[in-house]
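Coming up are structure 1 and structure 2: the same protein chain in two forms, each one given alone as structure tokens.
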Structure 1
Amino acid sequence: MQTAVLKLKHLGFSEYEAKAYMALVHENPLTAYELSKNSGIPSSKIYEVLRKLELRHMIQLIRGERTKMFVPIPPDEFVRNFRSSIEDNLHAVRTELTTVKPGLDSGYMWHIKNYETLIHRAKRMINTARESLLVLIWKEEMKELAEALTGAVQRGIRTAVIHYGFTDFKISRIYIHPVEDTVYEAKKVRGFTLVSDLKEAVNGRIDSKGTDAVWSMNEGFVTMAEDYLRHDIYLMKTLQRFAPVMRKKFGDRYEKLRDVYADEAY
């Protein structure tokens, strides 16, 4: 019962409204006095709560032999009615919003400090993409996002993925980064970058201390993330074709290639 009360509160009901409805579902019909006693709602508040529940069409008044009594709308009917009401309101809001032409501030940065929030934002970006996706990812995040990425490919979204290390994930364009051990050994961190439709991007890092990421529609930020992924893909294509020569020149783990402060080769 406590769980149901909490969920009803999340849906916008007051604690007293939730407790009264659940008490009536548990036992009915009840008088206002009996409902107050069973639910723990103060008697001074019970009639106000009952009026609100009647307005929400969650309870009905019936006449007893000597007094008024109350019964709940069956839970299945309540859920159907509530869902229909929410959908109607959302449709009305959407209709109104389409007539408004606000000035969108695309310059702000949204900082993300929670892993679940990062994954949720990434899924939303993938699921709403209309044209293209560029992704840099490790196996841990791929487990979370594989289904969404597969759905995007099936919708015809142009998708290119840079994956650190081997993966069984199959899409038309996936580039396996060959130096995952070197990168992780150097930084002890997993990077994650996602660009959707060249209009929004999220870039972050995940390590033992937590998650630190930034999402934005800022044009400069999106362009920087896009260029970063494109150049990584250019490198992957080069390595696929010239790996033996490059290992001979730069080392088995491309140590000299990754040293940006020197231009040396063997």
Structure 2
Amino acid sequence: MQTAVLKLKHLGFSEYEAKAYMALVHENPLTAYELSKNSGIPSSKIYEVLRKLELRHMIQLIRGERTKMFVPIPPDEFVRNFRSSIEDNLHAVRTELTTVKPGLDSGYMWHIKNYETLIHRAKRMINTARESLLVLIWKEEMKELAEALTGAVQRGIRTAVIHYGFTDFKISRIYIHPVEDTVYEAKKVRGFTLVSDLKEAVNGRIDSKGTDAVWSMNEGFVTMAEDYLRHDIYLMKTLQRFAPVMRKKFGDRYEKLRDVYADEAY
């Protein structure tokens, strides 16, 4: 299925509705009949679908020569419409709910015991960060979050990543922590820490037994996580000074690692 159709479905449209709108955007104006052919929607369904789209203000009926024709609301306009109505609803929910129960969130420690939930939470934090991101991560989690992180960097979010083990991932400030595979192999535990905007943080570990993480906006917790990462960066920068010693220990592999070292301090 086309990605846009899929996304529209996520936004709550039926497949037929999505396809019809897509087809109309690609070519218009069209009669119902033409649209049914272009979109692959059975002609028997097309009228029902068009009615619904019109109700949702996605398309508009215009007078053709002698037949009814349809044009789509321009995508830009649709996006603005949709966003605006969603924001209305979200705002209403938010005000109604947050006024009821104040105080749970800010100091609350949230336990996450599910890997997917952890990744989901991390993604949201990365995507909604406004200023800064501090990350300690292993390659497994990096695979899940690389896209979101790249996006954040492009958005101009100050981003520092401490990556345990080797990676090809290129980002302005990435500090490679040269962990020997043996160490990792022995422990079989991956740490994961993420601090966003110095306001909220997750910290956890993932091993064969599962996931165990804590999320919070608690000030102490966040500060601690932040210090932890800063400290790690500082440590690595210190280690860099002992490059010769390192080289002895890691050999060529260390050289390779140095190439991707960040040039600038966080």
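Quick caveat: nothing in here was measured; it's all calculated off a predicted structure. Between two forms, the rigid core is defined as the largest C-alpha subset superposing within 1.5 Å. For numbering, take structure 1's sequence and count from 1.
Of the two forms shown, structure 2 is the one predicted together with the DNA. After superposition on the rigid core, displacement of the C-alpha of residue 71 between structures 1 and 2 amounts to 2 Å or more. Put the two forms on the same core and the Cα of residue 207 is off by less than 2 Å between structures 1 and 2. Relative to the superposed core, residue 198 undergoes a C-alpha shift smaller than 2 Å between structures 1 and 2.
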